[in-house]
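Okay, so here's just one chain, in structure tokens, the form predicted on its own.
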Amino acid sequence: MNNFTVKSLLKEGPNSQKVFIEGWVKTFRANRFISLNDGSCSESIQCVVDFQNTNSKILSKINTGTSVKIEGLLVESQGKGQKSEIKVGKITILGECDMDSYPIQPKKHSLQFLRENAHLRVRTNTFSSIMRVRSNLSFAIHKYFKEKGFFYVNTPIITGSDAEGAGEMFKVTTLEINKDSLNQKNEVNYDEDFFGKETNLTVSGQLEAESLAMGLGKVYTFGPTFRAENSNTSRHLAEFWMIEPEMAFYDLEDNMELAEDFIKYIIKDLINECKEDLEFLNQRLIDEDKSKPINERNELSLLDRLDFVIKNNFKRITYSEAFEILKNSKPNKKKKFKFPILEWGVDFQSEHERYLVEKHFKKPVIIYNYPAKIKAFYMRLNEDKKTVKAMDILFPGIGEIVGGSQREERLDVLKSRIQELNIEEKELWWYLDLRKYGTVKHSGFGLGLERLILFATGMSNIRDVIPFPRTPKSAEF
């Protein structure tokens, strides 16, 4: 007989049918009541042991963390909270657990403590819910693009180009960096390296995805990206996952339409597929807010925040319009912003983005046509020569969640931008080729998976929405 899951049993009506289930013990009370979880949902099922007819030696080995197989009958629960429970007929211990050293005790643990035990934290309700949300969002992303006629492509993790121009990249080398690996200029002699040139872990698959879009039309890449930014904030990871679609024949307007539709689709799908987990995380956020000062509490519950996105049309404004709103806002005039809005061309910070979304428009916002000087070289220059066809989508509680643009398809303009920013043209010869051989208007955007999961779960630290976070001085697992 196939084993059941906790999720399936809790949905079934009790009629004394025989069931088999495997899982981990959450609690074991009074030598009789086992709370069992198998990861299929946040809830556990109660298993009632007839201790008079069960081997006492087996019962003595059962505690929190023990893995067991239980055979029994699914009957109507005698207690509150669940309609069904298992009347245990037989228990088999699959793996004992040293209770004295097991870190995940049946009590509230700090998030920092759980990060230090990341290999075990998924056994808590909070982190198992987060990982199920992550799994469902990932599946919905693939499902959306499949339905829209996109092709899933894989771009290199090892690259010789810096798509963002940030220069904060992890080097990939087989050389032992010492005096023997230096050339006459006292520089690393990459001619002797594995690839014969300097290579790094990618910060984005965008440039390569553009080349694939030039033959396939609509593509997306969904994979790990890396940034060697020495930042220990709650918003930064050294390794994270990016979703990056690229579309031939799309202009900026098409790009904004697709991005809004995409986000609404995957959030609606998440609500349908992860109802119980979202309700659990929603209550967690409500309980957490009770311990905070009133001015630090969330204005919207987690479920309200998700509805806020899917039930509102995103407001679209230019950078210049956003600048005027922020410059004339009360927080700016009263010097409440940490970063004052003074001159046109300033890069907006999270506090500015959240003000526009949460206070001014009270809906998600798309800002477009940003100053060229604060955006990347590949974004299409507007006729005013001052702005580019870039767009950012802003969400409540988090600020920017999507960044994208119409790409510069004109060879002469792209070359000029590369020269202005002192980028090595020879490193991008193949990228420039795309503008020489049948160039077309095209667009794309990037969405950080972890940033989306932060929004969808109500967590406040990005290290809590990825299984094993990679941060400065931390690669423990």
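Residue numbers run from 1 along the displayed sequence. Computed from a predicted structure; not experimentally measured.
This next part talks about the form predicted in complex with a small molecule, which is not shown.
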Would G160 count as a contact of the small molecule in the model of the complex, using a 4.5 angstroms cut-off between non-hydrogen atoms?
-> no
Contact of V357 with the small molecule in the model of the complex (heavy atom, 4.5 Å) = no
Should G403 be counted as a contact of the small molecule in the model of the complex, where contact means heavy atoms within 4.5 Å?
-> yes
Mark V19 yes when one of its heavy atoms lies within 4.5 Å of a heavy atom of the small molecule in the model of the complex, and no otherwise.
-> no
Could you check which residue among I34, L447, L414, C41 gets a heavy atom within 4.5 Å of the small molecule in the model of the complex?
-> L447
Exactly one of D193, E229, E260, E71 has a non-hydrogen atom within 4.5 Å of the small molecule in the model of the complex; which residue is it?
-> E229
In the model of the complex, segment of 137-145, 213-221, 236-244, 116-124 with a heavy atom within 4.5 Å of the small molecule = 236-244
